[in-house]
Ligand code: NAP
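Presented as structure tokens, the chain that follows is alone, the form predicted on its own.
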Amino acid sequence: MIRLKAGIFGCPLNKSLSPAIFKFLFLKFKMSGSYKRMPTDKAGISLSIAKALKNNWNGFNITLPCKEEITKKVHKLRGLALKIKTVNVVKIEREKIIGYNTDVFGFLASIKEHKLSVKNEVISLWGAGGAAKAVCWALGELGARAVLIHGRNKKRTEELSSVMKNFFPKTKFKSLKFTDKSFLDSKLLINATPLGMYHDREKKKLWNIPEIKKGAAFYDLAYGGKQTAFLKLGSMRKSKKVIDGKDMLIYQAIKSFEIWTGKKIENILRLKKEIKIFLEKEFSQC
């Protein structure tokens, strides 16, 4: 029987659904294994890596605030992680730390599943961290006409815009203040900040979205038991569709599972739907 030992680095981790997702995957594929939370801040990454190595882990996921910091600790970057310099999955190979990015895959898969229109459209995005990098890459790949990046840190927002312009010259990436009013013609509005995931005091007024285009959709990478303030705002503005981050989370987890086990999942959409049903049942009892 295959045995997998893995976990997740980041802080805070109390709301993470990743342990439950991998619980399902172990059952589904008749594997023995463990998936543990390892609370980690930027300063503690090296110590957490040492613990994972000592306990013979096969790999681990990385969430905020460590997705960019971990790139300084890996021995090698593979795939898209080489280009966007943000890592959410690590595979341990003969005590070597190999970094990957499956967030781009997760976002692209969720966009496809929900049939969201991106090509030649204007997108408004809030956030300039590791998750926002993955989203910008996906939007550039999908041929968005413009991506308006709202951020609190002007330097980070401008750097992200500049990097993405080099990779996708046909897409206009523009840096804005977090509080700047959203563009009325935005077809998709995305929150890629931690607001809504762990910040209980978030308010709908944080986002300056006075009105939206007819048929616009709201997508929040955060998720929880209740609808986030960002998605509540979308509902108030009569958004065509409001989507939380569970779909992206599940898709990227499935791809992490493939990386760690070498197992090729034939029908990812079907498996993703099975996992979502499992999560709903698992947490409806809480």
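Please read these numbers as outputs of a predicted model, since none were measured by experiment. Numbering starts at 1 and runs along the sequence shown.
Below, we refer to the form predicted in complex with this ligand, which is not included among the displayed structures.
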4.5 Å heavy atom contact with this ligand in the model of the complex for all of K115, A229 and G234: no
In the model of the complex, N153 touching this ligand (heavy atom, 4.5 Å): yes
This ligand contact at P194 in the model of the complex, heavy atom, 4.5 Å: yes
Non-hydrogen atom contact F257 with this ligand in the model of the complex at 4.5 angstroms: no
In the model of the complex, F178 touching this ligand (heavy atom, 4.5 Å): yes
The unique member of N61, S239, T40, Q252 whose heavy atoms fall within 4.5 Å of this ligand in the model of the complex: Q252
Contact stretch among 64-72, 29-37, 50-58, 257-265 - heavy atom within 4.5 Å of this ligand in the model of the complex: 64-72
Members of 123-153 lying within 4.5 angstroms of this ligand, judged by heavy atom, in the model of the complex: G127, A128, G129, G130, A131, A132, R152, N153
